[in-house]
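A single chain, nothing else alongside it, follows as structure tokens in the form predicted alone.
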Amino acid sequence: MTELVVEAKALSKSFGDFQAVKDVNFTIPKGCIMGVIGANGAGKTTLLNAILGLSSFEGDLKVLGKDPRRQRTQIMDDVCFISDVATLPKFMRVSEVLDYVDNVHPHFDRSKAEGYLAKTNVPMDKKVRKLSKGMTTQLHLAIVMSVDAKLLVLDEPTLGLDILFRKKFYQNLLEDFFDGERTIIVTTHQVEEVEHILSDVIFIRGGEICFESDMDSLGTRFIELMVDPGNEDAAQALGPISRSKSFGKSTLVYQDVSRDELAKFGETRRLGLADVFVAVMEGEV
């Protein structure tokens, strides 16, 4: 039986009259890299805050077998969390940041972090505020990869970084942290950049989970069809989830319709994660 790292049942969170998360049910198994994708205000960060025990909620939620409302301290012994790299204390020197993490996290290996930093140009005696964005990211990565965490939660971790550092961030994450035993949850607006590292994905809209899939089957479940002239009515009859015009032709997106069947009516192609997200968010799913 698959071990579950996160298990949510009827999970809800309200702020006054506004319901940010609405009665959601989902599981995150051990050893997966789960992408939580949604527009601004969809409920992604609220969901993560519940998992991390940073906010109250209604319903049932277990993280590493524990309740975040009552057992947050024990949970956080096995969790590492990154939001924006700008959250590092700017008044501390790099060496002092390592001191701090060493004192607060029981599974931090300082010597490993120093080994990672030795391969960079991050100076140990400089304050964080004096570091470039790229150096700050390298410091953050060194810390993350030196924590023996069972669960890593990333909330827009590369926000504001240039494309080279964003690519390096995820490359290092896979090479030096993820080992198939750990579990990663990541939210980001840069969908194309995380597509290749995800094993599973959840789409959230208006506080509700509107789509779940493993990445292996995603490419076969969604097909785009550029309809040949004269085939519009037959193509529409197959129930596309979204419609648009491209190069003067109707372009339709289908979910769980045979590619061979669609190919009778025009040119087909598989969709990437970003295109699937747009189709689901704007379509009729």
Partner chain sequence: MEALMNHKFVALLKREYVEHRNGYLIIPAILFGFALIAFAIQLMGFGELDFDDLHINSSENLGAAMKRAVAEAPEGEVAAGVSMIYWSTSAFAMIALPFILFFSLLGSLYEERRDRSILFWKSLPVSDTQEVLAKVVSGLVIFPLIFTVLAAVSQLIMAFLVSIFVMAQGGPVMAMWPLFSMIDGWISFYLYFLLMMAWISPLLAWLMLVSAYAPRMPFVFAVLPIAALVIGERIFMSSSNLIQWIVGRFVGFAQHLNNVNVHGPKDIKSIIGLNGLPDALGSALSSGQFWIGLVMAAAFLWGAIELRRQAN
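Small disclaimer: the values here were computed from a predicted structure and weren't measured. In this text, the rigid core denotes the largest set of C-alpha atoms whose superposition between the two forms falls within 1.5 Å. Numbering follows the first chain given and starts at 1.
Form predicted together with its partner chain: not shown, discussed below.
S.K.: With a 4.5 Å heavy atom cut-off, would you call residue 106 a contact of its partner chain in the predicted complex?
M.R.: Yes, residue 106 lies within 4.5 Å of its partner chain in the predicted complex.
S.K.: Using a 4.5 angstroms cut-off on non-hydrogen atoms, would residue 76 count as touching its partner chain in the predicted complex?
M.R.: Judged by the heavy-atom cut-off of 4.5 Å, residue 76 is in contact with its partner chain in the predicted complex.
S.K.: Would residue 89 sit within 4.5 Å of its partner chain in the predicted complex, counting heavy atoms only?
M.R.: It does: once its partner chain is placed as it appears in the predicted complex, residue 89 has a heavy atom within 4.5 Å of it.
S.K.: My question is simply whether residue 69 lines the interface with its partner chain in the predicted complex - judged by any non-hydrogen atom within 4.5 Å.
M.R.: Looking in the predicted complex, residue contacts with its partner chain include residue 69, since a heavy atom lies within 4.5 Å.
S.K.: Could you spot which one of 197, 101, 122, 191 gets a heavy atom to within 4.5 Å of its partner chain in the predicted complex?
M.R.: Spelling it out, the residue with a heavy atom inside the cut-off is 101.
S.K.: If you check 83, 172, 95, 213 against its partner chain in the predicted complex, which one has a heavy atom within 4.5 Å?
M.R.: Only one listed residue qualifies here, and that residue is 83.
S.K.: Quick check: do 49, 55 and 140 each get a heavy atom within 4.5 Å of its partner chain in the predicted complex?
M.R.: Every residue of the candidate spot has a heavy atom within 4.5 Å of its partner chain in the predicted complex.
S.K.: If we take heavy atoms and a 4.5 Å cut-off, which stretch out of 253-261, 55-63, 220-228, 24-32 is in contact with its partner chain in the predicted complex?
M.R.: Flagged stretch: 55-63.
S.K.: Does residue 215 shift between this form and the one not shown by 2 angstroms or more at the C-alpha, the core having been superposed?
M.R.: No, the C-alpha position differs by under 2 Å between this form and the one not shown.
S.K.: Rigid core aligned, does the Cα position of residue 189 differ by 2 Å or more between this form and the one not shown?
M.R.: Superposed on the core, residue 189 moves its C-alpha less than 2 Å between this form and the one not shown.
S.K.: On a core-based superposition, does residue 129 travel 2 Å or more at its Cα between this form and the one not shown?
M.R.: Yes; residue 129 is a residue whose C-alpha shifts (by 2 Å or more) between this form and the one not shown when the cores are overlaid.
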